[in-house]
Each structure stands twice: as C-alpha cells, then as structure tokens.
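Here's a solo chain for you in structure tokens, the form predicted alone.
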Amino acid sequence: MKKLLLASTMLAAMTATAFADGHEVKVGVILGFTGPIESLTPGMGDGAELAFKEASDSGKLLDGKVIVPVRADSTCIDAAAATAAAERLVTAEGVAAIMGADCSGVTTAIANNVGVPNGVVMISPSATSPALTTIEDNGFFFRTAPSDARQGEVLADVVMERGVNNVAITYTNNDYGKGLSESFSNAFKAKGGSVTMTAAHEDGKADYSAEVGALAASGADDLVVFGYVDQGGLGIVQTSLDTGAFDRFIFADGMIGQSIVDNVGDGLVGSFGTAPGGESDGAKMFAELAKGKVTGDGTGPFDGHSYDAGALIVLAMQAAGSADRAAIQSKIMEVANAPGEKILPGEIAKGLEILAGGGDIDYVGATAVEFNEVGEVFGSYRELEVMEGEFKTMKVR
C-alpha cells in the first residue's frame, strides 16, 4: 500500500467531482450505528460531524462551502450490508470522501469493493487490524487509530507489569479479533508469559457457557477478551461472572466503553486494558470542545480519532481548492504531516485560512496525527482500569 500522491490519468478517470448542488459538499459517515459497538458509534459520528460543522461555520471552506454529512450503517459485522451502504453513499449521494468505516472487516470490504475502485478517500477512526497495513488501496485508505500490531505489544507490557503471567484468550472471530489476538499472544509469550488457551467466539449468541467453561478449564488466572462491548465480549464477561469462572478481565479497545460497566456493574472492578488515546494538549482541547456537543462528551475511545478524520478531509479539500475526489486524496498526507503551522482541535478555521493563503499546515488534532508512508499513525495508548463505576486512565503509553 503506497501513500504516494497519485495524480495519474487512471485515477483521474476513476474519480468524479462530488459537489452537491449549490454551496454544499456531501461527505459520508459510515459507522456501525447498529451492531456490536453501537454504544460507541454515536460519539464517533458526532466527533466527525463536529469537525465538519466547525469548517462549515467558519465560512472559510472553499469560499463558503458547507459540509453535509450523510450517515450510513456499516453494522460493523455484515460485509455485504456495509458494502451496499457505502455504494449508496458513493453513487446515489455522490459523497466527496468517507469518514469510516469502523470495524476492520467491514472497512476492508468497503475499501476493496467501493472506496478504492471509485477513487474515494476513506479515513477510518477505528479499524485497527494489522492486515489493513498492506491492503492494495492505491493511496485512498488512511486511519487515525494505530494498528493492533502495536496495541498487542503495549497490552502485553501492561499485563506483565501488573504481575499477570498466565492468561487465556478469547477473541471475536473476525479480522480484528484474530489480528489482535495474534499480536498480543506473540508479544506476551516473548516476555515470558503463558497462554493456556486461545479460542474464538461468535457474536450474537444467547449462551456462552460452553466457551467460558473451556477457557476456565485451561487453568488460566485471568481472561483476555478481544471482543465487542455490546455483543459477544459482553456475553463472555457476564457468563464468566455468573459462573464464577473468572473475576478479572483484560480488554483492548473494542471492549472499552461505559456501556459494559453499566451493564455488568461491580463485577468489572479491577479489570483493565488499553485503548488508543492520550493526554496531549490536543486531547485536552478536544475534551473541552466536545462537552455538550458529542455524545458522552467525547469520552469514547475513538471520538477524538473521528474528529481528526473529519478535520483531515475538510483541510485536504481546502489545500486542493476542490472537493474533487482525486484532489482530496492528493492532499491528505500534506495537511497531516510536517512541515507547517500546527493545528489543534478548535483551530480548523485557522487551518483553512492558512491554506487559502497558500501556507502549509501540520494537523496535529486530538490524537497527535502524523502519518507514515502507508497512511497510518504510530499513536499512543491509555492504560485503563475499571474503578468507581467507569474506566479511568492510569497511564499513557
């Protein structure tokens, strides 16, 4: 996957100007508004749309253009449904770019079947599968959340530092779960840890007693759950607590959300995990900006990443002087990386003005965006623990 500035004749032929009538520009927002992470996606959608509103309200975007977000449901798990939803955005709605998708499997399907063939930029705030690093995207796919190749290593460090050296792993049976399980398991074993059992679980089941029974019988002290906060992961945790199989859990980003704490209650106290994010100046500025404007006040694990994805789209438009799809693609890397004036949350208007004057910007945003050659970020992670009825940040790594 090469993130070179591909302005070839072939790509120009594949792309189309995506202005709506008059002064409007449509941008797709495709997330799992139903499905296994549906409690997380309202904040993610709001985060991206906050960036769009900031640009529109400034009056500085392409001489007064207004972004019109068009939402679509990825479902997170149904690749066919996600592809159909994305096709509607691209063909019927004529969007200039897409903020999304979310879960790794549907993101891959949309990129392969819709985004790349139609020359439409996609910026995912939360698709973290390592497999996406090598997708053949012709430079049209980016992500503001770091790859799970790194999250697995970070989580392994956290687990070992807490004195846990014997775990069982269960993962949701898809690209996200498999990639994260492999990354963590390899890193954990390399540090001297023991994995007594690794087993996939399916989402949407009514009963997880068989899966939990097998995991408990492996002799593990703690259970690592790489699943989804509103689906199979929740079922695994609740069954484990109900049967007394496990009383402490280790999570990654797909399991970090207030809904699971609310659903499970005190049984989660002491459980811990990791999620992308940090406590930089940009993160603090986004937290203030999101209050009262983003569902959950912007505290979801990918809300800041979604704001950043939306901001990059509008800033690339401005740098290109056009909402043409290929033109947007040609400027994403330029506005995301140094050199240039650093732009933080709440400063989109400033960035638009600099670009309009022919200057350079370096969009830092809420999550310290800096793309490598394949359009991915190195990122930082929060170590979180459940206490006092919520996930609390213990350290940033």
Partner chain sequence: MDYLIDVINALVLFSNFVLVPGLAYGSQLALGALGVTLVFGILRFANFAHGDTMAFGTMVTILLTWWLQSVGVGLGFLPTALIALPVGIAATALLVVFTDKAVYRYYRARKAVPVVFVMVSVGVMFMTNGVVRFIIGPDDRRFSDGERFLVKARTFKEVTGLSEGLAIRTTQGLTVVIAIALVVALFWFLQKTKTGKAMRAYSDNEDLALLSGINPDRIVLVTWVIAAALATIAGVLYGLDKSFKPFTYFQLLLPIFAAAIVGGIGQPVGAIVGGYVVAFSEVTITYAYKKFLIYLLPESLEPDGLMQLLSTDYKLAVSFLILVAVLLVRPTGIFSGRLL
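Because the structure is predicted, anything quoted here is derived from the model rather than measured. Between two forms, the rigid core is defined as the largest C-alpha subset superposing within 1.5 Å. Positions refer to the first chain, counted from 1.
Separately, the form predicted in complex with its partner chain exists; it is not shown, and the next lines address it.
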Proximity to its partner chain in the model of the complex (heavy atom, within 4.5 Å), stretch among 281-289, 239-247, 312-320, 155-163
239-247
Heavy atom to heavy atom, is Tyr208 within 4.5 Å of its partner chain in the model of the complex?
yes
At 4.5 Å between heavy atoms, is Gln258 in contact with its partner chain in the model of the complex?
no
Heavy atom of Leu234 within 4.5 Å of its partner chain in the model of the complex
yes
Would Glu347 count as a contact of its partner chain in the model of the complex, using a 4.5 angstroms cut-off between non-hydrogen atoms?
no
Within 139-167, which residues have a heavy atom closer than or equal to 4.5 Å from its partner chain in the model of the complex?
none
Fitting the rigid core first, would the Cα of Glu136 be found 2 Å or more away between this form and the one not shown?
no
I want to check Tyr171: does it shift between this form and the one not shown by 2 Å or more at the Cα, with the core superposed?
yes
Large Cα shift (2 Å or above) at Asp221 between this form and the one not shown, core-fitted
yes
Over in the other structure, so in the model of the complex, do Ser39 and Val261 pull closer or drift farther apart at the C-alpha level? The difference is 3 angstroms or more.
farther
Relative to the form shown here, do the C-alpha atoms of Tyr228 and Asp297 sit closer together or farther apart in the model of the complex, given a change of 3 Å or more?
closer
